[in-house]
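The chain that follows stands alone, in the form predicted on its own, written as structure tokens.
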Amino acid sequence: MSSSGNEVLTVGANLPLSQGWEPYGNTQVRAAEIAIEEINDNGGLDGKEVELVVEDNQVDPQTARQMAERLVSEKNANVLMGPISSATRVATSSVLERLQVPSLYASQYEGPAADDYCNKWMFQLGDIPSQKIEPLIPWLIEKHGESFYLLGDDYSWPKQTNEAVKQAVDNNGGEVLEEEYVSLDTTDFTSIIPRIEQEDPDVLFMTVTGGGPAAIQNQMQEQGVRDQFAQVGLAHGQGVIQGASPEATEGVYSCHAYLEGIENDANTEFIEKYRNEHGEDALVNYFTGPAYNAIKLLEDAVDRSGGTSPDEIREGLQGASASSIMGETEIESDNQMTVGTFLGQVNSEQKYEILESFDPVSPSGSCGDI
């Protein structure tokens, strides 16, 4: 177990770096490295150099649990970062109490519907449905119409996200025509697309992951149905949609707490550093910003608590804030970040152009004192 007496503060990154999730995990590693380099250039945290140790959890729950234990017991991690998928998060959450080490979960997820939402060792630093779904659905209804077809992968994040979608659609006078789920990593949607076309929705709302986003966009293009309805893809991230042709992805909407095109001085400086270090074509997506911001919140947590032991970090994170590339963020309650979100639309270069920004929303405060 790490202690505040160590000369190094170790961040153990438990991330997917294979199995098709490389665009997500690798960009988080790169973003965290830049934030850590900035901290170390300014003297570290509590006089200690910060180091990042990375393990590939292979998007597998059992492996993610093993990597968390390894990072703490063998690598002396003071704090964990990751994972990304909901299944690996839940697996990791279940051992944090025993490990007595906080984890920075910098990913969009299902929010209060999650069984581990009130885990006192897990700090959720991505966005939740109340921050993105509730403002997005009325915007879509106003711009495109009232009927929705929901298509997602068959696991917790898509299903619980869609519960929020259905509630928001109902609250705003819309209608969900159909709700359908496919097995994880499905890439053949040729039999599903005709059913979507037959239902004739105003909006196709997708929570398919992995290779699914590129596959369904290519197949809708091939079947000539893309212009028949608006398309939203919450997992249509850059680095994933590049597997489809630009013509097959242009116009898709997504909504996140971070998009590359956010206009503030911190993000401009960050993107310049990122490109200088990794090349002009290096991937930046909606997972990049939360990882960088998580390290900035860690910096504030250590400043607030005055120490770097896992207990001191956990204490400091409760109430930590950061003004960084995502704008103003704060952990106000529920170990969940208060943050605004951005609506983007894919352009011909397969990057998201920001159309709207939605005001910050605070978490529910339903966990009480955790």
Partner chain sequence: MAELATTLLLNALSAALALSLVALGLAIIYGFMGVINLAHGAFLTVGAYIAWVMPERLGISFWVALVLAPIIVGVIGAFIERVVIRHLYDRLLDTILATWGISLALVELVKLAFGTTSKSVSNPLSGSIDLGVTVYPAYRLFLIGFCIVILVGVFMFFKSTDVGVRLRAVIQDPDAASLQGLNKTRMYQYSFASGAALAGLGGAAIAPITTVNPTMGVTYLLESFFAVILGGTGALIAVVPGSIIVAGSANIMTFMISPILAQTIVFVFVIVAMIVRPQGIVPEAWHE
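In this text the structure is predicted, and so the values were computed from the model without any measurement. Numbering follows the first chain given and starts at 1.
Unshown form predicted together with its partner chain; subsequent notes refer to it.
**Message:** Given the stretches 77-85, 108-116, 226-234, 243-251, which is the single one in contact with its partner chain in the predicted bound form, using a heavy atom cutoff of 4.5 Å?
**Reply:** Comparing against its partner chain in the predicted bound form, the contact stretch is 243-251.
**Prompt:** Contact between G145 and its partner chain in the predicted bound form at 4.5 Å, heavy atoms?
**Reply:** It does not: once its partner chain is placed as it appears in the predicted bound form, G145 has no heavy atom within 4.5 Å of it.
**Asked** For K273, is any heavy atom within 4.5 Å of its partner chain in the predicted bound form, or not?
**Response** Contact with its partner chain, no.
**Request:** Would you please decide whether P194 lies within 4.5 angstroms of its partner chain in the predicted bound form, comparing each non-hydrogen atom pair?
**Result:** P194: contacts its partner chain in the predicted bound form.
**Item:** is_contact(Q198, its partner chain) in the predicted bound form, heavy atom dist at most 4.5 Å
**Value:** Q198 belongs to the contact set for its partner chain.
**Message:** Counting heavy atoms only and using a 4.5 Å cut-off, do E263, N293 and E353 all touch its partner chain in the predicted bound form?
**Reply:** Checked in the predicted bound form: no contact with its partner chain for any of the three.
**Asked** in the predicted bound form, which of the listed residues (Q219, S93, S156, N267) lies with a heavy atom within 4.5 Å of its partner chain?
**Response** Among Q219, S93, S156, N267, a heavy atom within 4.5 Å of its partner chain in the predicted bound form occurs only for Q219.
**Message:** Can you pick out, from Q100, S130, N172, T190, the residue that has a heavy atom within 4.5 Å of its partner chain in the predicted bound form?
**Reply:** Looking at the other structure, the residue within range turns out to be T190.
**Asked** Across 166-184, which residues bring a heavy atom to within 4.5 Å of its partner chain in the predicted bound form?
**Response** Stretch hits, in order: E180, Y181, V182, S183.
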